[in-house]
Each structure stands twice: as structure tokens, then as C-alpha cells.
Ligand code: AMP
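The chain below stands alone, shown as C-alpha cells; this is the form predicted on its own.
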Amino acid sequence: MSAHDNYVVMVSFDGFRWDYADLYDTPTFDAMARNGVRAIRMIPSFPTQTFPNHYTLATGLYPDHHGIINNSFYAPELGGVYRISDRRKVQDPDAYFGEPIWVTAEKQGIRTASYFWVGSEAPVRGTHPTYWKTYDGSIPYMERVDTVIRWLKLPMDKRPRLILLYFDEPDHSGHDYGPVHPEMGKVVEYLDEVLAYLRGEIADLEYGDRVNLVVLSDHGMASVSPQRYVNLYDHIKPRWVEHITGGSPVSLVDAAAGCEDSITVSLNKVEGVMAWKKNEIPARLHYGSSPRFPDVLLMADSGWSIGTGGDPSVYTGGTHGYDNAFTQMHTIFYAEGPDFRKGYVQPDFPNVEVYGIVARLLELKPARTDGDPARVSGMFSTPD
């Protein structure tokens, strides 16, 4: 490592919708926008769920190409259903295709660190970040920031130049209260304080002016209601289905032999839900070609919920996972530091570009991605 190398700290606030900084009081986010780059919106990949999108941010690949096609999905080669709550599956390197940015960096001699990023608990392509954590959501947010700063204060021969940091809010509160609620305002304003603490600690470093800080999220949030609920088994026969994974608003169906048409034709007559056979999914979703993809995709209409029974009153508050063209699913991108322009407003862009942004900041030779660097070239302070 050279004494003049720059650093990247990439922070995700899960479920931070693109307009929260306009809806609530966020002086630190506003300061980042003035001092650096703010995207009008960053567009998540479909499905607009946490694990698929965090791994897209890490790889620059659509979920169809990196293998994490939903928060849960049936994968026979993994021995059953991948679920985000299944620690063995989460830590299985065979679950993850593509090359995450920490693997690219480590292969090229750059130390990395991850505080809870999706995929970093598994030795993808035989490689972990130099420093990484097993997920524990009980660890206080300021303590996470303190650990990041300790990493940045390590001796130069041990110091990571890329650090990824994850926070599980405001997603949890968004599910509980919906995106527009006084309690959500309190949570977003607390996250602004967390960001202020991180920015201040970085600024106090001897080389804080060489740190590029990138703040983003995986998806937005939309309100739901028990009045907008479809019980799938009111419209299709259970014997038409082998497996359903994923839940609401996106479900993946392994159909019984010859039943794909019965499922899609029946559900496409129902208000609040859409159904496609995998070879008929709209191309703009970049979805359905993965070897893990089953026979049928079910997607609730914006603001609707789908399920297979139970009490519809649970569908309150907010959720995500919908069509990524739905603007309430769109999210944030802020960045500041020596390699970014000041006061620059970045037009909307898809989140497959983030891997390439980080690779450029660290002067890495990138792996193949689904991105196009030209879409985001205007945000940098120096030309290619």
C-alpha cells in the first residue's frame, strides 16, 4: 500500500427510500449532497429484496446472474431452500455466483473489511475479506462505526482500503410503520446522527481527506394494507404446485408437471397479482434465466400482498420486493471524497453500476458485470 492511496467506505442503510431525506430532517445527508454527489434515485434490481440487491451492489450483476434470486428460493444443488435465516446456507460459498468487490480487491493485493455485508460470511471463490463479521443485529450502530474507525487506524500494512458497513434500519421500522409515519421520521433522523458520527470520525483521521465515503441502500418501501391481499389458493389448486418460495410480494413457483399454464392463466384474471412463466417474464426485469429459477414468477401489484392463507391482517405497515419500475422501490446514492465532484446531481442509474464505481475508486481491474460505466462517469472529479 502506498502512503498516498485513497480509501473507500461503503455504507448501506437497509430500506432507505430515495425520498426519505426530503420527507424527514436529515442535515448530514443534505451536507453530503452539497459536498459530493447525490443521485436523484438509484434503481434496485428485481426483485427489490435485501439479499439479492446487496449482492448485486457487491458484484455488479443482476440477481439472475449472481444466483441470489430472492431472499428465499429452492436450490436442489444446495440441498433445499436457501433462506436468509439459515446460517449454513448463508455461509455456503456455492450459493454465490459472480465475483464480489472484496474478492476482486483481495486478488489484486488490497485488504478489505466487511461489517455484515451479504455474501461476506462465505468464502466466495475461496476468499473472505481480510476482516469480516458473522451477522449479529444486536450490535449497537455506534459500536459498528467504532470498529470501522479502528480498522482505518490499523498500521498501514494491515489496514483495509475497502470497508463495507451494513445497518438493518430503516427497513425494520419501514415494515412496522410504513414509509410515511412519525416513528419512521425518528428512525431516519437517528440514522442521520449515525452518519454524522461516521463522517466526523473519518474527518478526524490523519488521512481522512483520502477517504471516499459512499452511502446507499438496497431498496425502498411501500405501504400495504389487509384490504389489498390475494390468497393464491382461492384461485389456484394446491395440486398444481410443487413448491412456493419467497412470500409476498414476490413468489417463485415450481409447478407440478403440465400446470404452468393453469397457474398463470388463473392468476392473471385476479386483481392485485401478475403471473409469468419463466420464458415470458418482461426482459426489463432481467429475471428468469438463472439455473435456479423455477417455472413461474408471481408478483403482487404495487401496494398489494399475496400469500397462501392465514390472517391477512398481518399485511400492514410497509414492504418491498415489487417491480423495480415502481418508484417507491427506488433508493439512495450519496458519495463524497477526493474522487467525487462537489454538488453534483447524478441522474437515475441502476445499482449494477456500484461495483464498477468502487473498482474505479480503488483502481482495480474489474470482473465482468452487467453495468455500463458511462452511465455514472459524470460523478467523478477526474476523467477516465
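As the structure is a computational prediction, the values presented were derived from the model and not from experiment. All residue numbers are counted from 1 along the displayed sequence.
The same protein also has a form predicted together with the named molecule, omitted here; what follows describes it.
This chain is drawn without the named molecule; in the model of the complex, the residue among 331, 324, 351, 50 with a heavy atom within 4.5 Å of it is 50.
The single contact residue among 74, 116, 276, 97, judged by any heavy atom lying within 4.5 Å of the named molecule in the model of the complex, is 116. Put simply, residue 370 is far from the named molecule in the model of the complex: not one heavy atom of it is within 4.5 Å.
The closest heavy atom approach of residue 229 to the named molecule in the model of the complex falls outside 4.5 Å. Remark: residue 19 does not count among the residues lining the named molecule in the model of the complex, judged by a heavy atom distance of 4.5 Å or less.
Although the partner is absent here, residue 88 lies well away from the named molecule in the model of the complex, with no heavy atom inside 4.5 Å. The partner is not drawn, yet in the model of the complex one stretch among 183-191, 103-111, 261-269, 162-170 has residues with heavy atoms inside 4.5 Å of the named molecule: 162-170. The putative spot formed by 14, 84 and 121 is fully lined by the named molecule in the model of the complex; each residue has a non-hydrogen atom within 4.5 angstroms of it.
Contacts to the named molecule in the model of the complex (heavy atom within 4.5 Å) from stretch 126-162: 135 only.
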